[in-house]
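We begin with a single chain expressed as structure tokens, specifically the form predicted on its own.
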Amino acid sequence: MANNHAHAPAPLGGSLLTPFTLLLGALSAIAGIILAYRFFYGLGAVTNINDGYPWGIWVAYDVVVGSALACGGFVMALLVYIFNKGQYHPLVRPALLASLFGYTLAGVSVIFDLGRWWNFWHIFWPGYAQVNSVMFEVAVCITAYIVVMWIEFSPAFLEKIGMKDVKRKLDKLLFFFIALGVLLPSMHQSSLGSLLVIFGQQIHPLWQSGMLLPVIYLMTAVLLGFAVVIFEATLSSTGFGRPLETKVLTPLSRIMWGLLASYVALRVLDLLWRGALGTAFAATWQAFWFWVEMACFIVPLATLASDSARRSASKLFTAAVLLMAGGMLLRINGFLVGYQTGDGWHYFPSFAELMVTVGIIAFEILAYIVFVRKFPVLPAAQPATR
């Protein structure tokens, strides 16, 4: 029987050159080449965005979805350090690493979509700052959170290079950065919902929930954080030949299920209150994608309703994947599918746009593999046995 006792984090070791990592590297390189072309020749050379759809997949997925999928570190910090749930501590550093790459790449991705990208520094210069702008608040909070996460993760680097004295001193200050690491995502994830409030009637009634949008986006960001933790823990166990962490993921899924039930109830009640539920039964693409989105929330809600289901690693993983899809669709639907800019305007991402998005995801996975093999991230444990 496998020994499931987890020890202090330790590097996994092993070769970095595998067919999988080479594929990830190739996809990352292709994205890099396309982006270099974009920076020289402009957005129009590689994207299908237009005056009707000034935001394409790079904002909708790479930034809005990408930052939400990177909320694992946020929710684990919330549970472990704010609510004092110490049993989840082994999940903190892996979740933080995934969040670190997700947010860093989301922050960098913003520059890809700026027409005059060389002026990006204006966001941080007081003379140019638009302090009443929701986008300004999102940009500053995301940037600050990226810096906070690198500081939070720095003990792993200090352990690797043997600077234990510096690590001990930093540990005494980490409570401050952990507090910021809970506050900042709460602010900008809710503000991403506020962006749709500004669009008003240009957003389809199925996704224009008015002042509830900040709550909806924050709730689903937390749900996505839980789902990504389960997803990452399962894949790292199977991919690296480690024991499954079902014992710690089962109680985590109970918290996730309670929040999921609250979200589904809020979503349905909001549609009923605004009289928008009828539009879900119209013969439109918006209605179709709404039901796909809702199914991704309702199926996990039904699947994980019993404790026996929550103890099943396969059901936990399936529910996590569906929740991730639901949270992604909520954001894609709100920012693209449900965006009604007027007759005559259409948008579908170009092949180059899609390859950049795929390349960013590939680079994030590749960086995660490199870090867990070279730095103390995952808890040391005996290899899984059959």
Partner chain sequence: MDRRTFFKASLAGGAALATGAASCPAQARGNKDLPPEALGLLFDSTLCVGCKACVAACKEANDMPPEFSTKDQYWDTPLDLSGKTLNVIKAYRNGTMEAKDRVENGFAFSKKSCMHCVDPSCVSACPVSAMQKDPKTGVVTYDKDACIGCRYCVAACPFGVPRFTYDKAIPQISKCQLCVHRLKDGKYAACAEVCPTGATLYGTVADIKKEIARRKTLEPGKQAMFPRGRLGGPDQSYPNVVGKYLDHTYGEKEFGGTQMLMLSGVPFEKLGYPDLPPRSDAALSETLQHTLYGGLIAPIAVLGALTFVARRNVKPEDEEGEQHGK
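Residue numbers count along the first chain shown, from 1. Not measured: the values here are computed from a predicted model.
From this point on, the text means the form predicted together with the partner chain, which you will not see here.
Chemist: Taking the partner as it appears in the model of the complex, which of 292-300, 275-283, 80-88, 260-268 has residues with heavy atoms within 4.5 Å of the partner chain?
Modeler: Single hit among the candidates: 80-88.
Chemist: Although the partner chain is absent from this view, report whether L100 comes within 4.5 Å of it in the model of the complex, heavy atoms only.
Modeler: Contact with the partner chain, no.
Chemist: Would S191 count as touching the partner chain in the model of the complex under a 4.5 Å heavy atom rule?
Modeler: Contact check for S191: yes, within 4.5 Å of the partner chain in the model of the complex.
Chemist: Quick one: is D165 in contact with the partner chain in the model of the complex, heavy atoms, 4.5 Å cut-off?
Modeler: No, D165 stays farther than 4.5 Å from the partner chain in the model of the complex.
Chemist: Can you check whether A144 is within 4.5 Å of the partner chain in the model of the complex, heavy atom basis?
Modeler: Outside the cut-off, so no.
Chemist: Since exactly one of A106, I216, L180, L252 fits, which has a heavy atom within 4.5 Å of the partner chain in the model of the complex?
Modeler: Of the candidates A106, I216, L180, L252, L180 is the one lying within 4.5 Å of the partner chain in the model of the complex.
Chemist: If you apply a 4.5 angstroms heavy atom cut-off, which residues in 120-140 are near the partner chain in the model of the complex?
Modeler: Contacting residues: F120, H122, I123, G127, Y128, A129, Q130, N132, S133, V134, M135, F136, E137.
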